[in-house]
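Here you get one chain, nothing else, as structure tokens; it is the form predicted alone.
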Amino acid sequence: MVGDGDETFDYVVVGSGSAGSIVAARLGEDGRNSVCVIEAGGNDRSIWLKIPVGYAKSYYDPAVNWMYSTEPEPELGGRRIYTPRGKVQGGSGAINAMIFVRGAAGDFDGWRDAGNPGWGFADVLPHFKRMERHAGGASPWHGGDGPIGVTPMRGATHPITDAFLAACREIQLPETPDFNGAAIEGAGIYDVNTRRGLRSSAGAEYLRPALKRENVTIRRHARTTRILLDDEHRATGVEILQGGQRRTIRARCEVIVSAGAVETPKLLQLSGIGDGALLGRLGIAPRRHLPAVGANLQDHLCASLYYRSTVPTLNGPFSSLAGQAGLALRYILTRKGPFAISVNQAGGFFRGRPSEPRENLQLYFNPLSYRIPSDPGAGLKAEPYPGFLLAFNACRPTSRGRVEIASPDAEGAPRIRPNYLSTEEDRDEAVQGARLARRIMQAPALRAVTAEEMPPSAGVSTDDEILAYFRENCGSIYHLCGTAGMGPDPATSVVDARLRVHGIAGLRVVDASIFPTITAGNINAPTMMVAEKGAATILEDAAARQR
């Protein structure tokens, strides 16, 4: 029975991030389904969420960012690792650094081969293409008329990035013209999800137009406190807290959880879906014992090498008000320049050793060297010298962690335990990454523009020293995934290949939580693909029920 203030829709989507925005837009596209999106944050109208360089402003902004941190990490000297998550319409896709990488074809074939039919690369490529409006137009590898703008940065990068590409050639590393084309392996220039010089996020390109239709609505500043289940273990809606009032939003057809790799398992656990032992300890009545909820947490862990340059870099204009004003004026007049793209400009995917069966390391060459301050009020600042940095991370770390609620209080932060560097393979790849970066730096093209390596890595040389340096200086690249993993076995996974939660009718998870294994590269693009495919699957199943 619906009480005062309660509402009923065909579909309820929890979260308006990179996945939820797409799911809601696609489900409401033909006008026949009513869709309600529940968003804990506010709208995405801030200019800093539109200008690409604005992500520096949102990095420590509690108005749009959950600003989580992990629990103390045993292998990182007990450090807590900062874990920003989007809390705004558009989610983390509204505050990230916009690098657009699909991942390697073999990553998705691995998903399929783990018992998830329909998730091989040949299956998911059409969904990647459907969401993409590539600046070069449609091709066998790219979509030309999708909502998400994809812009190659080649030709727009800082001149020093050419030295990085030349150095890779000099030491005979492969090169690729397109990380989202025929081969991901090699050095190259990244693509970014921008269009006409503005950030192109799922919130802006999918959800904002969808909200103009009468059948799609959003409830902002509304925290979802639990999923409602009937006696037959069917999801019937959600309970939300908005403006100090508890309300119920009912779903005639399905509830879709797209709250992200941290908030999705938290919501499932609050709703009695998860490890029965954990729920029992916290006084939550278990409704469905699924021990994999919150497990299988994966992330990319990165460290940077800093260098003083002999030639100008972006440190110069970014370090002064006059320089920033000049860049801003250029952006206003032309929608071009450093404010229109990412500072993560060049890089690539490489094998740390010739014996590696496939690319296992990702590098970022950044023509701006900066430190991330521990004080949220300090802001991101360029180093006070002409410099650049070279960052590296493993493509497919094998460490696995967990996300768990700390109490039955929906307002409380969950415990995030990634267990970084908990496997010998991950520790070995940290050393591989530093050694590969150093080898590239010794090539003539980069030696010619480098004055010296700067602390904290300067002087570090042995494997033990490199690993100690990595432990002390690494951080997340914010690619958390896997906490509601997809698979056929309810003992080790949370959703099946159609993204249905095992044992709960009318409930799906559609976001980065479902990744069985992390993909190579930045995960925003594959998260949006999951949403495109997930929405298509939901509509297929609805049509089948009506036949």
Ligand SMILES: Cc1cc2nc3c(=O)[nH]c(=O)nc-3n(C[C@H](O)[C@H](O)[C@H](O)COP(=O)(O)OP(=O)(O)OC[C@H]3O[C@@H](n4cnc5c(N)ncnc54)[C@H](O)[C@@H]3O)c2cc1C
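Quick note: we count residues from 1 along the sequence shown, nothing fancier. The shown structure was predicted, so the numbers you read here are calculated from the model rather than taken from an experiment.
Only in words, not in the display: the form predicted in complex with the ligand, which the text now covers.
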| query | finding |
| --- | --- |
| 4.5 Å heavy atom contact, M131 to the ligand in the model of the complex | no |
| 4.5 angstroms heavy atom contact with the ligand in the model of the complex for V255 | no |
| The ligand contact in the model of the complex: G274, any heavy atom under 4.5 Å | no |
| L390, heavy atom within 4.5 angstroms of the ligand in the model of the complex | no |
| Contact segment among 507-515, 489-497, 43-51, 24-32, judged by heavy atoms lying within 4.5 Å of the ligand in the model of the complex | 507-515 |
| Heavy atom within 4.5 Å of the ligand in the model of the complex - residue from A259, I148, V293, L207 | A259 |
| The unique member of K87, R396, H158, H127 whose heavy atoms fall within 4.5 Å of the ligand in the model of the complex | K87 |
| Sequence-ordered list of residues in 84-116 near the ligand in the model of the complex, where near means a heavy atom within 4.5 Å | P84, R85, G86, K87, V88, G90, G91, S92, G93, I95, N96, A97, M98, I99 |
